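One chain comes next, on its own, written out as structure tokens in the form predicted alone.
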Amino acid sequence: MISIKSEREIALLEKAGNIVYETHKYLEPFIKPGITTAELDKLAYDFILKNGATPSFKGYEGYPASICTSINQEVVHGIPSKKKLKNGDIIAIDIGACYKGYHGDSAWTYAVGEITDEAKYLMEHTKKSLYIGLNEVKPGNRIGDIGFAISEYATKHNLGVIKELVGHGVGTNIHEEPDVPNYGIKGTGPVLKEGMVIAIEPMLTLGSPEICILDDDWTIETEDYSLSAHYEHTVVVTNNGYKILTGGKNGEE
């Protein structure tokens, strides 16, 4: 069942989302060659707790860390470890925070040092595809409109659209109904209504969209080892569009 959030709930979701945004901003200066993903995880854990929240992902279905750190061909759910980032890597960091029982969820992809033009292209157009999808968020539109817009943009720019991984509703659970795929047919799927809160999160690749799961039962990577990027915002449907809940107090990136 898709829930419509009250003003009180939206305020709590916005607070949780702001903590996620601030955590991303806090981590960004540390994302340099030589740091380990475990060190980034510890920094995020401490920062989220200091801001009166708890990491949404830690312990979720047994996930062992506070954030997801997915490097290069890793798409999502990369587990922080002693692995050091190196110059030329790209890393998708997915952060969730729970504030007074309500969640915020946002992922962003970062360059580590100097990266290739191909990696820059992937990051630029995956990020743009997120906003192309967001432009479809308004009362009366449908979930399929979002996915169609993202997929059309990605295909136009020769990027692979991963179909097995989707966005989702957000509330007192980190993953709620409805699913929000990054592909779809215009005019299909659940109708968007004011007060719905959803996470939109395109995951695109430079090569094949085929994926596989590693032996840790969490990390998902591209089968052909092509680079992957991931951008995500949690938004609330407003009376005439949407408001980003994970974009800081002014709704910025």
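Remember, it's a predicted structure, so these values are computed and weren't measured experimentally. All residue numbers refer to positions in the sequence shown, first residue = 1.
The same protein also has a form predicted together with a small molecule, omitted here; what follows describes it.
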Should the three residues Phe57, His77 and Asp105 be counted as contacting the small molecule in the model of the complex, with contact defined as a heavy atom within 4.5 Å for each?
yes
Please name which of the stretches 25-33, 60-68, 186-194, 39-47 has residues with heavy atoms lying within 4.5 Å of the small molecule in the model of the complex.
60-68
Determine whether any heavy atom of Arg142 comes within 4.5 Å of a heavy atom of the small molecule in the model of the complex, and answer yes or no.
no
Does the 4.5 Å heavy atom contact test between His168 and the small molecule in the model of the complex come out positive?
yes
Taking the small molecule as it sits in the model of the complex, is His125 near enough to touch it, meaning that at least one heavy atom pair lies within 4.5 angstroms?
no
Answer for Glu232 alone: is it within 4.5 Å of the small molecule in the model of the complex, judged on heavy atom distances?
yes
